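Let's start with one chain on its own, the form predicted alone, as structure tokens.
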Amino acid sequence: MEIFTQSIAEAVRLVASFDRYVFQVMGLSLKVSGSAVLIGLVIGLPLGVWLGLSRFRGRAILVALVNTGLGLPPVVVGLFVMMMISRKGPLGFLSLLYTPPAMVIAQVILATPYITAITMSAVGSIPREVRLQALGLGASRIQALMVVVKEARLSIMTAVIAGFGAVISEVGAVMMVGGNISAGGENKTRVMTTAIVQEARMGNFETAMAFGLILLAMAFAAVFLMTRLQGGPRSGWVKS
């Protein structure tokens, strides 16, 4: 029990002292995961809306592929991205390996299926009559589509939260393509999860646990803010 008490004290000390290294790691974690979720939203939102509203031959296969993506092993994703961007890979000329953009790419692959699948389910659950009624009232196809998206907005925010939760806590993929590099007083590719692994490997279990507590606090704060946006009248989503 003592180690947990010491870990909490260490976490408070690291944050309260504005430790440069800690804030660099925290900042890169939020930058990489936030960028990945935004890109995943740009890809997953229209794809989820399309799959949720469309009926065509082969749709079941695409839906199965999206749902399979929910169980993608991060290490396999990291290996795939590393093979693509390594010096001998087809995208090796971009020199992305062991850089933050490589980490963003890996996390986009992990976040997009969550955003797509939940958006697809949310849009698909909206009664077809809502869209037909909008069209009957003179709305264009785009306007009718936006009505459906607006009706599903709370579930879409849940999709964003799920995507963020999947990547902020991920370690395997970012370790493989980022390399967990921190040298010369500057943090290159070390994020909170890889910092935890690094400290644990060095036997600094109290510091590793402290990083874990800070990561949990970061995740809670981010999800709390997104939940407030999702939360109805007080957040401004629903007008009275």
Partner chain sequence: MSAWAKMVVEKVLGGPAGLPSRGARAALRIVAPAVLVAAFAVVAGCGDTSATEGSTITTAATVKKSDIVLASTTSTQDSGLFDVLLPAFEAAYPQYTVKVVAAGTGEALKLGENKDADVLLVHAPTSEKEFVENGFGTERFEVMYNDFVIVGPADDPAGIRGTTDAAQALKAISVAEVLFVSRGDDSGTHKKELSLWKASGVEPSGAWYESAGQGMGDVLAISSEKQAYTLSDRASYLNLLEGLDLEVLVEGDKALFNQYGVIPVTDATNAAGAADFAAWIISTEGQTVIGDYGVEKFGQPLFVPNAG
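Here the structure is a predicted model, which means the values were calculated and not measured. Numbering follows the first chain given and starts at 1.
Same protein, other form: the form predicted in complex with the partner chain, not shown, and the subject of what follows.
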(request) Work out which of the listed stretches, 47-55, 207-215, 177-185, 34-42, brings a heavy atom within 4.5 angstroms of the partner chain in the predicted complex. (result) 177-185
(message) Can you work out whether G203 and the partner chain are in contact in the predicted complex, taking contact to mean some heavy atom pair no more than 4.5 Å apart?
(response) yes
(request) Tell me, yes or no, whether V81 is in contact with the partner chain in the predicted complex, where a contact means a heavy atom of each within 4.5 Å. (result) no
(request) Considering only heavy atoms, tell me if M120 and the partner chain come within 4.5 Å of each other in the predicted complex. (result) yes
(request) Could you confirm whether Q143 comes within 4.5 Å of the partner chain in the predicted complex, counting heavy atoms only? (result) no
(request) Please state whether every one of the three residues I8, L28 and M192 places a non-hydrogen atom within 4.5 angstroms of the partner chain in the predicted complex. (result) no
(request) Would you give me the residues of 78-97 that have any heavy atom within 4.5 Å of the partner chain in the predicted complex, in order from first to last? (result) I85, S86, R87, K88, L97
